[in-house]
Structure formats: C-alpha cells, structure tokens
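There is one chain below, alone, in structure tokens, taken in the form predicted on its own.
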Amino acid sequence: MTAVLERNTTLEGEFATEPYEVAWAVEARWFVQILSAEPAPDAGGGNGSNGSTAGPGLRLVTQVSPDGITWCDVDDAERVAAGAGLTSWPVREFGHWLRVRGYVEGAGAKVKVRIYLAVKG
C-alpha cells in the first residue's frame, strides 16, 4: 500500500508530514520527489549552502511514535534530497506511527514536493 502524505506541497523552513499509522506493517519505504525549488531571495542563484545551482535541498529524518502525538528520530541518519528527482530510503522496526520531519536549506527558500510512504506487511 502506498500513501501520499504530501502532494504538490510547498515547504519552507522546518516541517513535518502528517503522521501515518503503520502498526500492521513490517517494512516501509519513503519516497520524496522534489517537483520544483525556489532559492532564497539572497542566494544568488544557488541554494546558499553548498554553492550548487540545483536549488535548495531538503534535509529529512524519519520519526516514530507510539501514539501519533509524541515523536523521536528513528536513528541519526539524515537524508538529503536536492534537485529534481526522487529520493528513497527504507525503514524497519518502526512501531506504530511514522512521519518525516525536515527543513528546507536556506532561509526563505521554498521546495514543492510529493512525499509517499509505501508499506507492506
């Protein structure tokens, strides 16, 4: 089963997706697709953090929760999504609820995304 948690959503600064209950599932995989990116107004064409012209990127961390209210990071693995394309990573042994928290690199930068969560039992 695949759930679309964010569809054509424009992100700016820090964010977290809607939580998704996956107590029945054994494994999951995140898919984050950057549809478009708008650099910070003072970035001078790059993303302002690494000199790239690919536009602002996303820093992403999987979070788990026993109740969908209180959250903690699964591990210290931070994922990076930058430029057009799809970024994906697996999640195992996660408990009952999943979400992704993250931030858009560069103050004032904006990124339009789709975020999917694919799970199976």
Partner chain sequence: MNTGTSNNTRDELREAIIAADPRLSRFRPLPRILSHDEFNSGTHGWCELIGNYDGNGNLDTVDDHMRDFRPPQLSACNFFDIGTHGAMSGTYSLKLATRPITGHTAVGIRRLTMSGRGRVQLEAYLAFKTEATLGNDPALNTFGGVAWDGNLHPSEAQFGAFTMATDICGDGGLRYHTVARYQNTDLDNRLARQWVYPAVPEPTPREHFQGKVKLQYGADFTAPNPEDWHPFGEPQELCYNEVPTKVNWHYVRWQLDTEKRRNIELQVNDRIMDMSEVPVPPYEEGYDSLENLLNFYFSVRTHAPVRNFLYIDSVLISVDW
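All values derive from a computational prediction rather than experimental measurement. Numbering follows the first chain given and starts at 1.
Unshown form predicted in complex with its partner chain; subsequent notes refer to it.
Candidate site formed by 90, 107 and 110: none of these residues places a non-hydrogen atom within 4.5 angstroms of its partner chain in the predicted bound form. Within 4.5 Å of some heavy atom of its partner chain in the predicted bound form lies at least one heavy atom of residue 68. For the chain shown alone, residue 120 is not a contact residue for its partner chain in the predicted bound form, no non-hydrogen atom being within 4.5 angstroms. Its partner chain is not shown here, but in the predicted bound form it comes within 4.5 Å of a heavy atom of residue 20. In the predicted bound form, residue 97 approaches its partner chain with a heavy atom inside 4.5 Å. Along 1-22, a non-hydrogen atom within 4.5 Å of its partner chain in the predicted bound form is carried by 1, 3, 4, 5, 6, 7, 8, 18, 19, 20, 21, in order along the sequence.
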